[in-house]
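Coming up, as structure tokens: structure 1 and structure 2, two forms of one and the same protein chain.
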Structure 1
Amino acid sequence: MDPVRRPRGRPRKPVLLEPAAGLGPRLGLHDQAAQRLRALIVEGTLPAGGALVETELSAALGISRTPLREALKLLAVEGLVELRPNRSPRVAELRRDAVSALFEAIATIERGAAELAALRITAAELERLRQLQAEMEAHHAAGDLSSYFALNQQIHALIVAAARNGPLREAHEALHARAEIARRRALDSRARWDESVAEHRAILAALEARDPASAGRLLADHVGHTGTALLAGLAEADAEPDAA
């Protein structure tokens, strides 16, 4: 017969998914695809409202449609993708009121997390928080905005983790990606920066004092303020669309 047996199964050369190969316990292609797509959506490479055609995407990612479809379903549960029957999925659009609701939800969850964290956080975690806070203030002083954002995110994640509550943490993570989209689209509002750093200091103090009510209220307010500032930043960005 044909001496060259063309393999029908796994081809040898995926395209865009290799970089993740060295790290973990070898995730399935669908998980890798989900992560990759999440990143592409959050960073705006896949524009909001854009149609996600299965054949195009699967070709771009170097995988077949099956794992891609599984990944899209996951992202739909997270709210990053909108699935319509018999039609191409679309990257979810983030309307103004949705951003508002999103930050309300995050504030609710982080308040609960902060209250629990005030009771359960370990000395080591507190030490880590202090360290992150110090770094954040250094970046603030240096005017390094993007490092500030990264640290800000780490701090919030650490507080939620310190609550030792799996379901709460999962809910928080799911909402976080969507909030990140909004954050990227808004104009920098450095006006809020000073305030935010100060609020973080107060939250840290409340956690050190192991005061659940204060920690919860301060963190919820902080998130609320962030949401408000972000909405303003979005309004500005929409007003002058040339400033991409």
Structure 2
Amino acid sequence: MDPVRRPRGRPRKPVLLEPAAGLGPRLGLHDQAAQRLRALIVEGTLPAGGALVETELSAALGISRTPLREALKLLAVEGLVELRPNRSPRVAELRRDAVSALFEAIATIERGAAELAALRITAAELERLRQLQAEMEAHHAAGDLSSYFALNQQIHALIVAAARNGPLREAHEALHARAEIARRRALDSRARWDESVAEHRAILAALEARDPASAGRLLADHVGHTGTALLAGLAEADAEPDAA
């Protein structure tokens, strides 16, 4: 049986698990399995709505079903997996009402973070943001979305960290996994990807100018635009006829 069931209206992608490599010793097996599965979900290899067959996933990851189930519980807490009684777990769907609420929350948190970061960010952190921006733009020019996205996530995390507010950072981290998959999906639109690069450039300029109002507004708008792009993509997918 295939470990992934194709969701309605979207092409199936292969599940790229490498059983020969196994999992390394530095993290617990369930943490490593969660890390691997999280990456596959974010990049779309395990697509939204796809069933997760435990026997095949445990074999592919080279672990028993006990740590796999613990990994799936972790991902369920993050909102990436749905655990269903007497049925296989599945990758959580991106639902439009949930996406709207998620991006509203993230925009509020990151607006506050950017406002504080504009006042508290260090010279070293600004230099790091400049480096990340330059690297990110190079990946954009090369069409390397995976590398671009990894740096994009680092930039958002660095801005939140530069706010130097523990509770705000904890609130942001609590939404991180769900935000990650949603942001990655939104960048499937090349037009949105192009806009995102320019928006990041403007956010960096506002932080360099130590302008809290502009930094907060620009980052909140950036998050909002990403949410709008994702909602448009979901609506388009919903309008597609079922695949034969």
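None of these values were measured; they are calculated from a predicted model. In this text, rigid core is short for the largest set of C-alphas that superpose within 1.5 Å between two forms. Every residue number counts along structure 1's sequence, beginning with 1.
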(request) Only one of these is the form predicted together with another copy of the chain, so let me know which. (result) 1
(request) Examine Ala118 after superposing the rigid core and state whether its CA is displaced by 2 Å or more between structure 1 and structure 2. (result) no
(message) Rigid core aligned, does the Cα position of Ile181 differ by 2 Å or more between structure 1 and structure 2?
(response) yes
(request) Could you check whether the CA atom of Pro212 moves 2 Å or more between structure 1 and structure 2, using the rigid core for the fit? (result) no
(message) Keeping the rigid core superposed, can you check how far the CA atom of Gly62 moves between structure 1 and structure 2, in angstrom?
(response) 10.5
